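Only one chain is given next, in structure tokens, and it is the form predicted alone.
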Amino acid sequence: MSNTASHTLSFTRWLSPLVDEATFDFYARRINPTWRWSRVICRVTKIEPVAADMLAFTLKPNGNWRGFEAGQHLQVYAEINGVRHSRSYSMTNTPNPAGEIQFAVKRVPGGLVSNWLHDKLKTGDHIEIGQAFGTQKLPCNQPLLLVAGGSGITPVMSWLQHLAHRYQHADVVLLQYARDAATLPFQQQLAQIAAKMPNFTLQTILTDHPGQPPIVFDDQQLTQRVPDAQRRAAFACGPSSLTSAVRQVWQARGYTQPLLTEAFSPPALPDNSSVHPVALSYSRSGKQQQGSSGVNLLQQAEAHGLKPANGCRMGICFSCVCKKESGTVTNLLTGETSSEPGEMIRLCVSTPVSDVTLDL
């Protein structure tokens, strides 16, 4: 932490009996745009393209930032047309002496925040983020297989840089999927990592070819590309279709090595044949509405006029955790059902099986 940041934090502690946080923030930001009582404000120090549809943003956070570990995520907050929005992104670097953070954003057609970041955020601007979160950890003391599709490469980049810094001789295979060469991210950075890690193997798979069906991950491809996969701990990150395919192959083969997955798209909803009406009750607001077992509880609460906290909308950030007072729900990430009263659930990846009452 810089001396300025340390002095600022000491000053806020001294002021705490005299002034509230909102008042302090209101005046402090007029002296220095990064000064806040507890919020993390960053200056954008660099923006660079890492693929045709992806930009990497490097930030210098203020002294309220508590640091991060490889593979973690953060919330990024953007005020767009007077409305505050947030999205979750993965750090793509590893902790460094400069204290800088990097995250990368793929432009999504129609994506509100991704397009704002691509089109509006400039070097020298300031932006707010949340503290790092996420508990996925790679076993660094055994051979690894990393499978990344599209923007699923982002947490992988953080882990690879961590390995290149501390475990240069780690045995790592990366299968990187992208539609075409233009949308294949971080090729220059991966070449630099390969130069530091003699046992790192990168295999790129371009999925879209004119006149041919898209290439997908399957058992045959794994056999051809990673014949020793059974001895490797694995991590797969990308669209839910990719992570589901990896899990299916691992289950079919009966592999015992650890497999971690992280989907960067919402999980699939139940088959239409099993969809049925349910009653959704919101205890704090006193509302009761008809719902459906085929839509996640976050979307249904929003459709019913409620505004639950949320972030990634795909089960990663835990911003939408809510108490389920009664009823049975299905976790779309695991397929498991639960009827425990009073349990905490993630609204964005939970669908109702029966009538459900939520603490909203």
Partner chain sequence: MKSNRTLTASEIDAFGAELDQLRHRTVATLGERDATYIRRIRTSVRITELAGRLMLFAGFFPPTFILGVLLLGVSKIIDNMELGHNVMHGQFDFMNEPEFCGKRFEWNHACPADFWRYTHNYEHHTYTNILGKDKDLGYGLVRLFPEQRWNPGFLLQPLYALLLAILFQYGVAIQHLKMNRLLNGKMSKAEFGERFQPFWHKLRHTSVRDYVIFPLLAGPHFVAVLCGNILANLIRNLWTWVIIFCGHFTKDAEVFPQSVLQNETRGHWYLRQLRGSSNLKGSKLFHIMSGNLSHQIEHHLYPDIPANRYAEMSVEVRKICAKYGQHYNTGRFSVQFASVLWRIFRYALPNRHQQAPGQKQPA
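These numbers come from a predicted model, not from an experiment. Between two forms, the rigid core is defined as the largest C-alpha subset superposing within 1.5 Å. Residue numbers count along the first chain shown, from 1.
Keep in mind that the form predicted in complex with its partner chain is missing from the display, and what follows is about it.
Interface residue among P109, P97, P210, G82, judged by heavy atoms within 4.5 Å of its partner chain in the model of the complex: G82. Proximity to its partner chain in the model of the complex, defined as a heavy atom within 4.5 Å, singles out one entry of A303, A52, V321, V295, which is V321.
Note on the interface: of 43 to 51, 62 to 70, 24 to 32, 295 to 303, the segment with non-hydrogen atoms within 4.5 angstroms of its partner chain in the model of the complex is 24 to 32. Remark: A56 does not count among the residues lining its partner chain in the model of the complex, judged by a heavy atom distance of 4.5 Å or less.
Interface membership of G315, defined by any non-hydrogen atom within 4.5 Å of its partner chain in the model of the complex, is confirmed.
Within 4.5 Å of some heavy atom of its partner chain in the model of the complex lies at least one heavy atom of T334. In the model of the complex, its partner chain lies within 4.5 Å of some heavy atom of G311. Along 148 to 167, a non-hydrogen atom within 4.5 Å of its partner chain in the model of the complex is carried by no residue at all. Core-superposed comparison between this form and the one not shown: CA of R284 displaced by 2 Å or more.
Remark: with the core as the superposition reference, the CA shift of T334 between this form and the one not shown reaches 2 Å or more. Shown here is a form in which the CA atoms of G111 and G335 lie at least 3 Å farther apart than they do in the model of the complex. In summary, the C-alpha positions of R84 and C322 converge in the model of the complex, ending up at least 3 angstroms nearer each other than in this conformation.
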